[in-house]
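What follows is a single chain, given as structure tokens, in the form predicted alone.
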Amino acid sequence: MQIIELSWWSLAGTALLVLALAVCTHLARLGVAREITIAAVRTVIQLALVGFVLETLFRFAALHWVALMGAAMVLVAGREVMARQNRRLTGGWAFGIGTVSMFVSSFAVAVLALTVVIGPEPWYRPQYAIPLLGMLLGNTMTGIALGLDRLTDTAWQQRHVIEGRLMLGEPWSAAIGGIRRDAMRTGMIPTINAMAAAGVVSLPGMMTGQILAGTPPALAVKYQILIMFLITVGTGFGTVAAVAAGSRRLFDERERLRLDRLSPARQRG
């Protein structure tokens, strides 16, 4: 099956549509026109650079270069998790909790999939390792960011309720238990919704890309099922770990609520 090449001029046409959207949001005073424009520019620059890097990695396929690329992806994802929280933990904890949770969950799931399920030779073959890790990190990043943001915002809003429960003798884990569970569910909802709607409401991006590139639909379906299961596992464990660690950080060793460990709320809009 012949693959249809896309020119940069063709992509420029779709960029005009994004620009038109930014203009409309500006006229409607939605306050997101600048963000849309910056995100679009970042998309072009970042994907062009990563395309160059991946072509280089595919030629050399050395473990240390793949590991370096993976580490850079985790650090950038950790920074994005921190940036998307309204009230973040201070002292580097927002970055640290998000980064470590993503590293443990996404790396563990990716290595398991590469060595046991997919089995490329070598197991760290960049053609499989980098895209797989990227999809896992992208979705896990969203889940952790949503979970931590929900946790810290709700803890601030319900601080009097939490303190009242502590005064009644409840341990910190029980005082914030409902908020913690709600935050964990919030982080998992996008992935659960994506699984529930896959193939009925939407065709997932990886499957669509493979079919457009000429992969037989049956094989594309198998890979998409694998990826969605891996994303669900990585996002679930990462969100649970991050929210659990964030919850503990909100209390000191004497089980006192320490909202001074949260930064002030960011101005939105």
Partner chain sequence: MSTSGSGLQVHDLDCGILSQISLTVRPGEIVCLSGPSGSGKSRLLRAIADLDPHAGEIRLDGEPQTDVPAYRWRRRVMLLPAEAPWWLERVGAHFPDGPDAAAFEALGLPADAPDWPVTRLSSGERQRAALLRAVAREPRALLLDEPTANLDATTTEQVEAWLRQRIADRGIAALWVAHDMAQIARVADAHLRITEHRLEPAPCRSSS
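This structure is a prediction, so every number in the text was calculated from the model and none was measured. Positions refer to the first chain, counted from 1.
Separately, the form predicted together with its partner chain exists; it is not shown, and the next lines address it.
Visitor: Given the stretches 139 to 147, 107 to 115, 166 to 174, 87 to 95, which is the single one in contact with its partner chain in the predicted complex, using a heavy atom cutoff of 4.5 Å?
Guide: In short, 166 to 174.
Visitor: Hey, in the predicted complex, is R181 touching its partner chain, heavy atoms inside 4.5 Å?
Guide: Judged by the heavy-atom cut-off of 4.5 Å, R181 is well away from its partner chain in the predicted complex.
Visitor: I'd like to check something about V161: if you look in the predicted complex, is any of its heavy atoms closer than or equal to 4.5 Å to a heavy atom of its partner chain?
Guide: Heavy-atom contact with its partner chain at 4.5 Å: present for V161.
Visitor: May I ask you to check whether R256 falls inside a 4.5 Å heavy atom distance of its partner chain in the predicted complex?
Guide: Because a heavy atom of R256 falls inside 4.5 Å of its partner chain in the predicted complex, the answer is yes.
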